[in-house]
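The form predicted alone is given below as one chain in structure tokens.
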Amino acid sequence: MAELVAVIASTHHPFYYRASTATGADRPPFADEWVRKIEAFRATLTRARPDVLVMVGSDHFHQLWLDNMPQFLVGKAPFYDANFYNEEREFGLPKMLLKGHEELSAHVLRAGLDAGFDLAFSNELRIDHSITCPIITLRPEADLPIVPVYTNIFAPPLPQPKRFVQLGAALREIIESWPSDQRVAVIGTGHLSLELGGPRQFGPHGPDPDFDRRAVAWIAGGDIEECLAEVSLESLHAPGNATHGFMDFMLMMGVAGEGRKADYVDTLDLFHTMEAYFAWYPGGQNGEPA
């Protein structure tokens, strides 16, 4: 059977690419520290030596809109065009073409349906920065095939937080039941406290540092039970108007497992958000049997 060799979760800041490649007067003062942290984070995936990446993210109203908004969607295309014009214009993100893994996509879709998740699918999915940002930070060669899994964190009615955790746990079982000798890493990106277009967007840190502190502790400690006790669709409005993206972190906690402490934790306070980076190795620190 396939081996789950790494579970990796992070925020997805679209300005990283531009900040990390800028030079001279255009290079922001925090860029060097950010690059150092990303290079250390990148090693968490490299040491796991994956063959294929399952990528969990959320479409930012680029391809999916209110006329047809799936709650959970699996991409099953042979290739994925990536990044949209506004992402190129505003963030400097490059156009990308990522290879898909049709066999694993089909397995995730079939097994997910059989496990009670009414997953949507797309053979013509184009992906945005929720998936390309972790490709840029973790695997800039973009040489591994991917299986995109999109969640709805933007367009109410949203799934309950516990459903994200349940899908994460199911995703792990599905991957480990895939009849293959491939090494699989699951990479998911979300948000901590985040405000978009509101009065708290451009502060010296994220809009709710207390929530960020508690959220990092839940994730790092694998405390799914406490997280579910405190987080609801209603409560996520308070830390910032885009904080529902934290539910993608909860999905990744579901993949890692209840009580499973992260093997790698790092954070960085930026001008309007806290960046956070986590990794778990189900088989041991280097992706080898414990």
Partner chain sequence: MSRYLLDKFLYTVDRDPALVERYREDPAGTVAAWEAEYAPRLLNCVTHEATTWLAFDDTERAALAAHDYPRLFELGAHPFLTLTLFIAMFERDHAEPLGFQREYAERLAHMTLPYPDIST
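Positions refer to the first chain, counted from 1. Predicted model, so just to flag it, every value in this text is computed and none were measured.
One more form of this protein should be noted, the form predicted together with the partner chain, which is absent from this view; the next part is about it.
Here the marked residues 46, 49 and 79 all miss the partner chain in the predicted bound form; none has a heavy atom within 4.5 angstroms. This chain appears without its partner; in the predicted bound form, the one residue of 35, 265, 233, 238 with a heavy atom within 4.5 Å of the partner chain is 238. When the partner chain is considered in the predicted bound form, only one residue from 183, 214, 200, 162 comes within 4.5 Å through any heavy atom, namely 200. Although the partner is absent here, residue 229 lies well away from the partner chain in the predicted bound form, with no heavy atom inside 4.5 Å. Among heavy atoms of residue 86, some come within 4.5 Å of the partner chain in the predicted bound form.
Among residues of the shown chain, residue 113 is not one whose heavy atoms approach the partner chain to within 4.5 Å in the predicted bound form. The partner chain is not shown here, but in the predicted bound form it comes within 4.5 Å of a heavy atom of residue 154. Of the stretches 256-264, 60-68, 35-43, 217-225, only 60-68 has residues with a heavy atom within 4.5 Å of the partner chain in the predicted bound form.
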